[in-house]
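Quick heads-up: it's one chain on its own, the form predicted on its own, in structure tokens.
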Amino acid sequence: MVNLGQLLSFNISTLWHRSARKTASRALNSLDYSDIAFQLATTDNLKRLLPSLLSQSALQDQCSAELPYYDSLFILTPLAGHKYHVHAPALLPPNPQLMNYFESLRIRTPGHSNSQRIDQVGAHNIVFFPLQNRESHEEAYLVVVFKGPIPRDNHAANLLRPLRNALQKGLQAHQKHQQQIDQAVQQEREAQAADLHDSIAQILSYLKMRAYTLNSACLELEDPTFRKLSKDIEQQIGFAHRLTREIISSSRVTYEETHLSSAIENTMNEFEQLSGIVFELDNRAKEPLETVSHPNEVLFIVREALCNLVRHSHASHTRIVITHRADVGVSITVEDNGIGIRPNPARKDSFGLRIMEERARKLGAKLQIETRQQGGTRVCLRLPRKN
């Protein structure tokens, strides 16, 4: 005998799901996948764009209506240090357990697999859809989280295929665009360094030799004024020549090392050989350091800090300390036992500190330069905490 209450309940439930699927289909059609790929290809801020794309109501409505037990969507993009940057929807605070799990994932062997994989974290079932970059073989992922069983028959894969294609196409174009920008910047730096070397550096090199000859000749004069003047000219030309060579060297610096840790250590060794200063490196954050954004810019700031230190500090000992705290981020501190820094040391014609501040601002980092209580100077770069 048919239970009328169950029959009515079944029919109402069926009608509700059909109505929801029709709404989802309309939501599906309202997504402009071509525009999603275009936005990704042309953005200069992937970290801001991806959360907003994931938060689109049309996308969330579609997933909620079509996928039973749907919980949330994420996108993972590769970072330096074989980790992922986790992009979560901007709608609600992401689940801390899921965020910790995603942030602990390591990038697998390039080209390891082009198929989806499944994992489980607590009560959540997770499906990873690869968004493979064919040129670099680095994999990003579109991740779907369910608070229950995963739908059968590849329903989630089929439903999200247009979005996956758009994300893959957009991310590939974005990476290619960023590589072109980096190459153009590096080529411009090298061209400027070459021009500087072939013009100003060569003139200064000639003047340095002539100033040495002039000073040697003046040593034989009785008048101390000429001896003092010629010595000063020789020293100033020597300083200008060394400064120019350092600028040329910095312009040709390329971040070729696999790890930022080794790049900082090599830079420290380079300055130790050029000076009589003893350097010490205390790196307590090797792994977090490899995940920072724009490692080239970080290396330039450290390099400029060491350059200023060798030039002006009169120090005999320098220490670089790299630390990490989950609530603060990565900090790089350079401190010495020299003469310290004046309260307002930057002259109008001094660009070093201003360039360091501009680089830090671009990174969203904080740069603090101060005199140590024990004597000497402390330069602290606090890189932003990874969201």
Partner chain sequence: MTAWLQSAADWLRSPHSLNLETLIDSLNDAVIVIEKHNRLQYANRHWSQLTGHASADCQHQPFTQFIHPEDRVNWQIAFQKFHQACDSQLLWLRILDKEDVVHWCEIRVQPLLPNRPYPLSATLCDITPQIRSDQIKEARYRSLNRLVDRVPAMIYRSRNNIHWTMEFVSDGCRELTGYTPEKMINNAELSYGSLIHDDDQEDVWCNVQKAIQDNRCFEITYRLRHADGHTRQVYEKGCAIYSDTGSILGIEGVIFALDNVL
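We call the rigid core whatever largest set of C-alpha positions still superposes within 1.5 Å between the two forms. Every value quoted in this text rests on a predicted model; they were computed, and no experiment measured them. Positions refer to the first chain, counted from 1.
Note that the form predicted together with its partner chain isn't included here; everything after this is about it.
**Q** Would its partner chain be touched by all three of Ser275, Lys286 and His317 in the predicted bound form, meaning a heavy atom each within 4.5 Å?
**A** All of them do, each having a heavy atom within 4.5 Å of the partner.
**Q** I need to confirm a contact call. Of Asp198, Asp232, Asp282, Asp182, which residue comes within 4.5 Å of its partner chain in the predicted bound form, counting heavy atoms only?
**A** None of the other options qualify; the answer is Asp282.
**Q** What stretch, of 305 to 313, 157 to 165, 265 to 273, 183 to 191, brings heavy atoms to within 4.5 Å of its partner chain in the predicted bound form?
**A** Checking each option against the 4.5 Å cut-off leaves 265 to 273.
**Q** So, superposing on the core, is the move of Leu49 at the CA at least 2 angstroms between the shown form and the other one?
**A** For Leu49, whose C-alpha is compared between the shown form and the other one after core superposition, the shift is less than 2 Å.
**Q** Please say whether, between the shown form and the other one, the C-alpha of Ile320 moves by 2 Å or more once the core is aligned.
**A** Superposed on the core, Ile320 moves its C-alpha 2 Å or more between the shown form and the other one.
**Q** Take the rigid core as the frame of reference and indicate whether the C-alpha of Met268 shifts by 2 Å or more between the shown form and the other one.
**A** Comparing the forms between the shown form and the other one, which are aligned on their rigid core, Met268 does shift its C-alpha by 2 Å or more.
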